[in-house]
Structures are given as structure tokens and as C-alpha cells.
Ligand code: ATP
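In C-alpha cells, the next block holds one chain alone, the form predicted on its own.
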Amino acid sequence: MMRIGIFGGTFDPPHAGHKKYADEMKSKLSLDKLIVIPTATPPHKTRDSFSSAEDRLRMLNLLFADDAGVEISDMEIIRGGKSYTYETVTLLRGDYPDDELIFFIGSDMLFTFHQWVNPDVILDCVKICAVSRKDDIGEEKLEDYIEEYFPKDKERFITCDFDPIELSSTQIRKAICNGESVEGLIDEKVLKYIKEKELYL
């Protein structure tokens, strides 16, 4: 049986923080594989991505080109429309019926999990790992939330502290648009691609 992590996001663009989190996910949870899934249209976002789905896929493949433990999936992009987690994890459960699947979300997003579409279906398919950044949201608050909304499914939740990373795709897009340097914040191959395609200008 494999232990497989699922790391979704817009990744517009993917940056050094995403790479660091991916490395920590694999290490801290002893994953055999990490599936990275760029969303088509996130249901909680009100506008489309700043770059195309094809560009985001290409940048992710460049970022993880040398990492045999990471697989980039275009399943949500192929499906199109709004990307609902329950649909994605149901398909993945069908692909990996005998393996342990762990879906990563930010601890701040966990507090809205009861409002997601079909959270019970999600919990039937995967375990949820709430990624809390140190000094961010206390583990006690996370446990209180789980106890309040999912008392019968407590074993389906994992909490994991990661070192904080003060970096966001929004910050990088703004810097590129303003002509500021993003050296060290983004992989060299990804940055070269952004420049060649003149993204975020």
C-alpha cells in the first residue's frame, strides 16, 4: 500500500514556497508519491487565473522536473469548470483503491471545511492534513473545530506544523508587473518561462 499526498492549488505562478511545502509534505508524512493538481477554476475565486491552464501546467512541470516523487496531474483542468474537491478525490480513490490518500489544506481553510460541497464524501475518500504554519493557528483550535463539526471522523484528520513562508503568488505577480526582481523566490526555469511568455505584465 502506498501513502499518497494530494496538493491542489492555483499555482499562478508556482514558486519556491510551493516547492518547500511539497518537500515537507513528502518528508513529514513519509509519502511514496505527491500528486500536484492545479485547479481549473477554484470555486472560492471570483475571477479566472492570471495565466492559462497550459502555462500553469508547464510551470509546475518545470518546477518539479527533477523530483521523481512528484506527479503533476491535469485532471481538474481537463474536467474544466469549477474544481470541486469531492469530485477530484472520488476519481483519485477510484485510481488508487487500496492506497492511503492524504489531502493537504491550509489550516485557515480547514475552518470552512464543513461548508465545502459534500465534505462527507471527501472524508470517505481521503484523510485531511491541515497544514498549520508555526505561530499561525494553534493545534488546539484545530482540534476544537474537528470535535465540533466532525466528532465521528476525528481519525480522518491530521495536523502538521510547517515552517512559515512569507511568500505568495500574488506577491510575485505584482513584483513581476512592477519590474522588480524575483530572483530566489521562483525557480530559474520557471522564471525563464515567465519571461519568454511575458506573463503577469
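We number the residues from 1 along the sequence you see. Take the two forms, superpose them, and find the largest set of C-alpha atoms that agree within 1.5 Å; that set is the rigid core. Everything quoted here is computed from the prediction, not taken from an experiment.
Missing here is the form predicted in complex with the named molecule; even so, the following discussion is about that form.
The chain is drawn here without the named molecule; in the model of the complex, the stretch among 69 to 77, 97 to 105, 82 to 90, 117 to 125 whose residues come within 4.5 Å of it by any heavy atom is 97 to 105. The named molecule is not drawn, but in the model of the complex it has a heavy atom within 4.5 Å of R173.
Taking the partner from the other structure, the named molecule in the model of the complex has no heavy atom within 4.5 Å of any heavy atom of Y145. Contact between I165 and the named molecule in the model of the complex is found at the 4.5 Å heavy atom cutoff.
In the model of the complex, the named molecule lies farther than 4.5 Å from every heavy atom of Y193. No residue in the set I4, F113 and T159 has a non-hydrogen atom no more than 4.5 Å from the named molecule in the model of the complex.
Contact residues in stretch 8 to 25 (any heavy atom within 4.5 Å of the named molecule, taken in the model of the complex) are G8, G9, T10, F11, H15, G17, H18, Y21. Comparing the forms between the shown form and the other one on their rigid core, the Cα displacement of I72 stays under 2 Å.
After superposing the rigid core, the Cα of S107 is displaced by 2 Å or more between the shown form and the other one.
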